[in-house]
Every structure is written in structure tokens, then in C-alpha cells.
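A single chain comes next, written as C-alpha cells; it is the form predicted on its own.
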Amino acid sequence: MGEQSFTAMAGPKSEGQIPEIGVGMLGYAFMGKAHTNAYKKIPYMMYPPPAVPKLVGVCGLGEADVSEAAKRYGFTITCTNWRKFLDENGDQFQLFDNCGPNNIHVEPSIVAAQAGKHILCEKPLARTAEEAKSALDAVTKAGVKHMVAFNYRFVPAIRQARYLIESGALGRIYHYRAVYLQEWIMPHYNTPMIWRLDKGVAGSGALGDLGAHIIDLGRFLVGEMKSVSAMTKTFIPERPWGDGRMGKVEVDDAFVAAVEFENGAIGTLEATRFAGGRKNYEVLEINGEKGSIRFNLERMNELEVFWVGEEPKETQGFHNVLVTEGHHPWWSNWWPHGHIIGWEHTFVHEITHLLDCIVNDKSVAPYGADFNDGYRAAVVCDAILESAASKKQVDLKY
């Protein structure tokens, strides 16, 4: 597969004083847990770390729930109003970590940037491209570091795939096909109306939740997209709220799209939360002139590879490669080869990258997703919805 020249954050010892960066977090549920777990692991696993994260404060709805989260995770300050959180405690942290629902990704991030905070914002960056552009403009004007949490860029196998493509090993790229399949809102789950199904909060359904990931990986691995032609579907149009009221589902349960890349490659994208038996099945395949690669998130330490003309025709086919050698991305920070890591570790890599960019004044892009990447992913999402509504191909415009 070739070896990548990859400088690990880890070293045998730390020299000099490691700076400390205070973290203020908005949101404490699924992503709050994932991010906090990463902050706690960074100082001793990515050793020496570019900075030691200090868990300063956490903000969210419901005083009891926020207090419980602070106790569980180790934050000192609690708050239930994000404006008050930034106004009264902002001098105690330098990094604002926005793990809230999609409808509060943009405004708090803008206010935090105006206050000089570096920003880590969960994906999608916004509900629409227009909202995302306002966030991009704000962080650009403020001159702060900014990252969108597209954590799958930090899977070692994905980074190795990027290296193979960048090195020219695959040659000209012909195809990118990607699916992201889950099942958790199918009828037998009796999932009620939740924020991910509320257009006003989420913006879109499977598209923004799952599709944004495979859109970002398409841009990260293959290049900019040029046009899309898409279809969306909502299978269950109404669901009950917790109080028994029926709510109208106005977001997509599933979408499919054909895409054209600026470099001439073509691709397909599909995401759904109605794929029975699929728990977190994100699979992508890239076919090139000299070879092909295939990745499955549920087997995230592996990469299937095929090299054109490498073997006798009767034995040609994909080979499964375990991406756990010491020369593979980040691996020197973890365990001996073959001792696999998991989904949670992508956040350790991702946040370490951001801390390094903050401390050493590096650019988050191209290996991390900055707000420009978040904006461009939002443009693609908007175009998919536009194409599905108009039943026409839509050219992308940034």
C-alpha cells in the first residue's frame, strides 16, 4: 500500500511546558460525550500533546441535566443559556466546542468567533448553505481557527486512502460511490418525533445527518463536485411528539444522488435511516485507472485494495489490508500492529489536529475540515434538495 511520511504527535517524552487550552462546550449528549472522551485521552495518548485541554464549562438545556453532565465529564462551570455562557465565562476558555443541535450551530459559533474563540462545530455546519456562509464569513473576519467535526477524515484507513490518491497510485479517478445506511427510525422502532426529524431544528434528515459525511469524504478524497441529480423520500409523514401531538415530518428519510466531479469522475451518493439490518454502514468505493479502494466504517481498521495488472488474471481481485502498521497514520500513538482502534479514536485524532493548528498557527485545511469545507458540503446538500424538488440536474455554485 505504500508508506506515508506521517509525523505523529506522540514522542518518548515531553520537552518544555505544554500549553493549556480551556474548552467551553455547548451540548453534552451524544457528541458531547464523544468529544469529552477525546479531550481526556489526548494528554496521555497523543503524547506529548500540542496542548492539554482543560474542561472549563458546559452549557445546555435543563439545569439538572447540565449539572449531571458536568459532574460526569469533569467540567467546572454549568450554564443553561449559551449567550450568558459566552458573556460571563468566555474569558476562561479559548476553544468553543459546539455540539448542539443543527439550529444552534451557526449563531453561537458566530458570537464565539466575534469574541475571539477558536471554534469546533459539529456537522453539518448549518441547516442551509446561506447559514453556513454567514458562519464562514464570521470566522474568517475574526481570524480564529475553525473546524467542522467531519471526524471520518481522521480514520487511519481514510487518511491512508487519501495518501494513495494524492501520491498518484490510483491514477486517474473514474468513480466514487458511497452509501451511509442506518435503520433506527423504521416503523418497528416506534421512533417518536425528535429534533432530527424536525425541519426547523435539523434542516434536513438523512441528508444532513448521514449524507453530509459521504459528501465531505467525496470532496476530501476525489475533489470538488460539479453537479448533482437527486431524489428524496419521506416514508413516514407523521410521528407523535412526547405529549401525544402529531408532528409533520418535513425532512427526508432517504436520498439518492448522482454526482459529477470537476476532475471528470462520476459518483453516486445514498443515505437512509430505513435500511433494515444496517446499524452504521458507511461504505465507499473509489475506482481509478491503476487500482481501486473500498472502505467500510463498520470494519474501520481495514482497507480493501486492488491494483490493476499486479497479478496473474486468474488471481486478480481485492485484498484486505489491516491499516494498523506503525507507519500508518496515528498508529504510533496507539498499540502494536493488529491491535485495532475504534470509532471513538477518530475524535482524538481530530481534536489533536485542531489543538496543533491553534498552538502552532497552522491551517486546519486541507486535512481537517474547516468552515469553508462545511459551507461547501452545505452547498451540495442544498443542491440535492433543489434537484429532488425540481426533478432536474443542478450545477453547483459557491
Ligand code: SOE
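Each residue number is its position in the shown sequence, starting from 1. Remember, it's a predicted structure, so these values are computed and weren't measured experimentally.
If you look for the form predicted in complex with the ligand, you will not find it shown, but the lines that follow are about it.
K.L.:
Taking 4.5 Å between heavy atoms as the contact cutoff, choose which of F93, F85, Y176, Y180 touches the ligand in the predicted bound form.
P.N.:
Only one option qualifies, and that one is Y180.
K.L.:
Under a 4.5 angstroms heavy atom criterion, identify the one residue in R159, R278, K133, R196 near the ligand in the predicted bound form.
P.N.:
None of the other options qualify; the answer is R196.
K.L.:
From the candidate stretches 76-84, 243-251, 104-112, 151-159, select the single one in contact with the ligand in the predicted bound form, where contact means a heavy atom within 4.5 Å.
P.N.:
Looking at the partner contacts, the answer comes out as 151-159.
K.L.:
If you check in the predicted bound form, do F30, K123 and F347 all have a non-hydrogen atom within 4.5 Å of the ligand?
P.N.:
Yes: each residue has a heavy atom within 4.5 Å of the partner.
K.L.:
Taking the shortest heavy atom distance, is D216 within 4.5 Å of the ligand in the predicted bound form?
P.N.:
Taking the distances in the predicted bound form, the answer for D216 is no, it never comes within 4.5 Å of the ligand.
K.L.:
State yes or no: in the predicted bound form, is some non-hydrogen atom of L210 no more than 4.5 angstroms from a non-hydrogen atom of the ligand?
P.N.:
Judged by the heavy-atom cut-off of 4.5 Å, L210 is in contact with the ligand in the predicted bound form.
K.L.:
Would Y367 sit within 4.5 Å of the ligand in the predicted bound form, counting heavy atoms only?
P.N.:
So Y367 does not count as contacting the ligand.
K.L.:
Hey, in the predicted bound form, is W343 touching the ligand, heavy atoms inside 4.5 Å?
P.N.:
Contact check for W343: yes, within 4.5 Å of the ligand in the predicted bound form.
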